[in-house]
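To begin, one chain is listed below as structure tokens, in the form predicted alone.
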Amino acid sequence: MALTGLDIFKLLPKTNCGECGVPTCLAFAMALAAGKTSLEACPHVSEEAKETLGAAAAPPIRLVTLGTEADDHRIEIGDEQVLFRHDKTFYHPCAVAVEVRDDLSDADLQARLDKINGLVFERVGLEYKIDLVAVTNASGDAARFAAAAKKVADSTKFALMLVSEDSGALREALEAVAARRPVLAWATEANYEEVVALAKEKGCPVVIKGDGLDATAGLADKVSKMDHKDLILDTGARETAEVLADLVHMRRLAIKKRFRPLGYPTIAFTTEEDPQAEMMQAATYVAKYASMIVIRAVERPEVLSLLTWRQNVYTDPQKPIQVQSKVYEVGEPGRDAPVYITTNFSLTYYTVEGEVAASKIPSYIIPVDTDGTSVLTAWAAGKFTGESIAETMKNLDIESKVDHREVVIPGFVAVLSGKLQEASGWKVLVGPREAAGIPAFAKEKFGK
């Protein structure tokens, strides 16, 4: 069990120096017990106390790193501090793995890998992509499993996961791809000693699978005593309602009760046959509270819907997605190119950018820094004014890029035209209210 605030207080120096950021050692102890600070914040704590307080100072859910620098990217999962993101931001997005079975023919395997490599998307200036490829030993043949793992490793840059309850098959496949530091699944009650020894030998994270919450907690406790901490928990449940209940219980027990045997990242596997139903199932697990999911879908529209949902869940709700405030070029604008003004809210900018591109008239776009708010919101808050627009135009030196002195503002803020013209000295053209009207507007005003 986790230490209480009073337990921690007894081990602190009791100087009440305030150097930790709170006025008293008791307040610091309470904050440490609640996971709101770290032991390193106390400059006077003894080494003996550090050792004793290690469990209390550790995050409620362990941080586990997947993949290597050689992969397309390293992935961090776990280390979340709260149940709800309005309490504190979620920091480590749920990792998405796509399954590849080793019983596919060579042609089908290659076709599936080609689709997996295409699961990289650009949306509102952000890159969305899957994180891992999970190679499953569906054939039961260790040699075929190893060959499939090698093929996947050679054909993709995503991190890898090896899925089999046969420790011998895991060992053979791992030998083929050990440099990629794959996740090993599963360590069960029957094989955990062999699988965990293999994971320790190669420095790999391991998925432990129990039969329900109690069995999973017991197995995690046994594995942690083998001095291997990079664990991912699987309760063995596969029905959506049961998986959801287990994920919520594990998250609550880890964060609210500091129950260490369940203080690890979690994993869920989709089971729905219909791709749309599978994405709904996966979206449920992303929301509450899988650290990693394994899906079978590989079609771009289906996977994009899941990755978009994940981005929404793991975006700081208090910090809108923004683009940098600078001069953007659409096409190859010359010195007579139109200049459009918008805000730096990412969705607003990319909506405008898409319509400007659709006009087929090369142009400049200047997003004014409004702390990532939309046009009307920024105007209502006093962040999108004639003066701020003029200052941005001056700071970005748009005058050096064009010979004319005309600028286009959104139609919804036509009221700014007088102030902007006065502040900048430029002629202000009032554009359409909706971005969809930009192509027709541009052809009428700037078409030749």
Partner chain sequence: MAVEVIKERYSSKVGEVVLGATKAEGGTRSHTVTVGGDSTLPFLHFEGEVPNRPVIAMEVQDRIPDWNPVVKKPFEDVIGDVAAWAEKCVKEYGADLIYLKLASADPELGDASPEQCAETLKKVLEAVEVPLIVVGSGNDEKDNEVMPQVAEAGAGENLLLGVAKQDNYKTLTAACMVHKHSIIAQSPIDINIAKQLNILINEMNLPLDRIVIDPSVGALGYGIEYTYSIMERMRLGALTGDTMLSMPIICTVGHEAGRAKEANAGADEFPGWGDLAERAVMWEAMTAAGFVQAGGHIFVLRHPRSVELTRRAIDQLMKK
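Only the largest set of C-alpha atoms that superpose within 1.5 Å between the two forms is called the rigid core. Since the model is a prediction, treat every value here as computed from it, not as a measurement. Residue numbers count along the first chain shown, from 1.
Although it is not shown, the form predicted in complex with the partner chain is what the next lines describe.
Considering the partner chain in the predicted complex, the lone stretch of 81-89, 165-173, 145-153, 199-207 in range is 81-89 [heavy atom distance within 4.5 Å]. At least one heavy atom of Lys256 is located within 4.5 Å of the partner chain in the predicted complex. Of the heavy atoms in Thr308, some are within 4.5 Å of the partner chain in the predicted complex. The partner chain in the predicted complex comes within 4.5 Å of a heavy atom belonging to Glu239. Proximity of Arg123 to the partner chain in the predicted complex: non-hydrogen atoms within 4.5 Å are present. Relative to the partner chain in the predicted complex, residues Ala178, Ile389 and Met393 are all farther than 4.5 Å at every heavy atom. Residue in contact with the partner chain in the predicted complex (any heavy atom within 4.5 Å), chosen from Met226, Ala245, Val327, Leu376: Ala245. Shown without its partner, this chain lists Asp371, Glu76, Asp221, Glu193 as candidates; in the predicted complex, only Asp221 has a non-hydrogen atom within 4.5 angstroms of the partner chain.
Along 256-288, a non-hydrogen atom within 4.5 Å of the partner chain in the predicted complex is carried by Lys256, Lys257, Phe259, Pro261, Leu262, Glu272, Asp274, Gln276, Ala277, Met279, Met280, Ala283, Thr284, Ala287, Lys288, in order along the sequence. With the core held fixed between this form and the one not shown, Phe345 has its Cα displaced by at least 2 Å. When the rigid core is held fixed, the Cα atom of Ala143 travels less than 2 angstroms between this form and the one not shown. The two forms, fitted on the rigid core, differ between this form and the one not shown by less than 2 Å at the CA of Val206. A change of 3 Å or more separates the two forms for Val120 and Ala436: their C-alpha atoms lie farther apart in the predicted complex.
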